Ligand SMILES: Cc1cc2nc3c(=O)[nH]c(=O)nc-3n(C[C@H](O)[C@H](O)[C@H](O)COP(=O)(O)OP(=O)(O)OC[C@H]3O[C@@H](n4cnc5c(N)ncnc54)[C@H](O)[C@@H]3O)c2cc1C
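A lone chain, given as structure tokens: the form predicted alone.
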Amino acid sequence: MDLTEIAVELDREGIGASAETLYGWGRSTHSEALVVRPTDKDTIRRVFELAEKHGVTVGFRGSGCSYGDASQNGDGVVLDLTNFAKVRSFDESTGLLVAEPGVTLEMIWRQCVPLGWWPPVVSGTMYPTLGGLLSMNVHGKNNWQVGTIGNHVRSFELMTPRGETLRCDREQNADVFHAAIGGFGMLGCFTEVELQLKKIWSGRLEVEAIATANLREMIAWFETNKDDFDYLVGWVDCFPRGTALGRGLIHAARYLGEGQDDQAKATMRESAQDLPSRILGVMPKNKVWYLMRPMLNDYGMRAINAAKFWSGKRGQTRNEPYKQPHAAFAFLLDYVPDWKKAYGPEGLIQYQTFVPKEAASDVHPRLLERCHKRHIVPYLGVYKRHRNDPFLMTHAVDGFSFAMDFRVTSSNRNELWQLCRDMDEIVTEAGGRLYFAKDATMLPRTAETIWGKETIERFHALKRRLDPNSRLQTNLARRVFPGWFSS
């Protein structure tokens, strides 16, 4: 591969390209690539032409919010789409948004909340791009109710590495529609997306907090009460053992209906959704991660988790629902900017598993027990309820997900990767799945067990049709599906 020649040709045409080190969101993985930041389709097409001419691979990147190596393409070209980011139209009577792939969730809610609309599915941070959301088929805290982001996409345009643009929906190019959503960037570049937003009558949600004694109790509460809420998310304290294994706090939220908020107009102002700029009204939040770093060890995190649980349990005795802005409830990861840096130079990985409802109360406690046995305890755990979806390479199940954040150090890295692979066996034996947006450790044999040879071959056949020379590659794709790129 000759990236220098591509850089020279792009520069000659007035298209900037720079050699950069790109990290996964968790900062535990990184690689070098030639980065191009297009603002239009013509530039993307030109990069594809040069990649074919020089035999170079191309990967896509949005805001870089995937935890592992999904948006890296070491020693290749990376198309960073964050500048290809216009909202082309928004119909405030129907809630239909038409936008370019670099548009972020933040850009969407800032424009649409004052008009009475909210993104139908959001991640824990407001910064992912629309193209990234579709590539990973992102889910939210309302997944069991409304499905993944793909369930709300009307149509999209996809540019293949040959420069062809396909219009895809549930009838036209339906096979590509259901494969590119969740297809981790292997079939083409999203250039336009039609997304149906959710009508809201207030800028606030009604929220309740519930303490649970252990993970099995949390699962049972979810199942008993899930039909009464629009959002459910559980925070899990992963440190206790025995009868307190996986104790935690559930936050359950409902939309407010028309006329239920007498301050609706004020709460739907853009400023009413802004997260606080200071913690406890004093410290600038962009400085907080410095103070967090000394606590990012087993002793400090055990204390923080315990304090959070007992504080939440005491607060539950009041048993009073409270009102919270949509952004404040949804985007917990954005309260402390760059908090991931507190984990230190090796960063963190998130290991997220999706397990059928019949097996979750056995499998997920077993994962925690395995972590304790290996003396590598997650510093944060998050629990959610899910449902199936129709997308080809889906991570979804009718069941539960458990996301566990692990600190990576030079001394624990190998053992941590092995722990994740040991847990893979427990998960896959129960019919569970993993998630490309979070993955840093999956092996090819694990992927084959999860999706099956037939599904993987169906996807690969589409890739051969749309990308016959395998120009589209990423570090994740080469790690998980090496057979696609071996010839």
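A residue's number is simply how far along the shown sequence it sits, counting from 1. None of the values given here were measured: they were computed from a predicted structure.
Although not depicted, the form predicted in complex with the ligand is the subject of the following passage.
Discussion item. Based on heavy atom distances of 4.5 Å or less, which listed stretch (451 to 459, 64 to 72, 33 to 41, 420 to 428) is in contact with the ligand in the predicted bound form?
Written reply: Partner-contacting stretch among the options: 64 to 72.
Discussion item. With the distance limit set at 4.5 angstroms and only heavy atoms considered, check whether 90, 120 and 273 all reach the ligand in the predicted bound form.
Written reply: No.
Worksheet item: Would residue 434 count as touching the ligand in the predicted bound form under a 4.5 Å heavy atom rule?
Response: No.
Item to complete: Give a yes or no for residue 356: in the predicted bound form, does one of its heavy atoms lie within 4.5 Å of a heavy atom belonging to the ligand?
Response: No, residue 356 stays farther than 4.5 Å from the ligand in the predicted bound form.
Worksheet item: Within a 4.5 Å heavy atom cut-off, is residue 139 in contact with the ligand in the predicted bound form?
Response: Residue 139: contacts the ligand in the predicted bound form.
Discussion item. Within 4.5 Å, heavy atoms only: does residue 384 come near the ligand in the predicted bound form?
Written reply: Answer yes; at least one heavy atom of residue 384 falls within 4.5 Å of the ligand in the predicted bound form.
Practice prompt. Go through 236, 81, 363, 113 and name the one with a heavy atom inside 4.5 Å of the ligand in the predicted bound form.
Written response: By the 4.5 Å criterion, the partner-contacting residue is 81.
Worksheet entry | Answer option from 150, 76, 188, 378, heavy atom within 4.5 Å of the ligand in the predicted bound form | Contact check passes for 188.
Worksheet item: Mind listing which residues of 17 to 37 have a heavy atom within 4.5 Å of the ligand in the predicted bound form?
Response: Heavy-atom contacts within 4.5 Å come from 25 alone.
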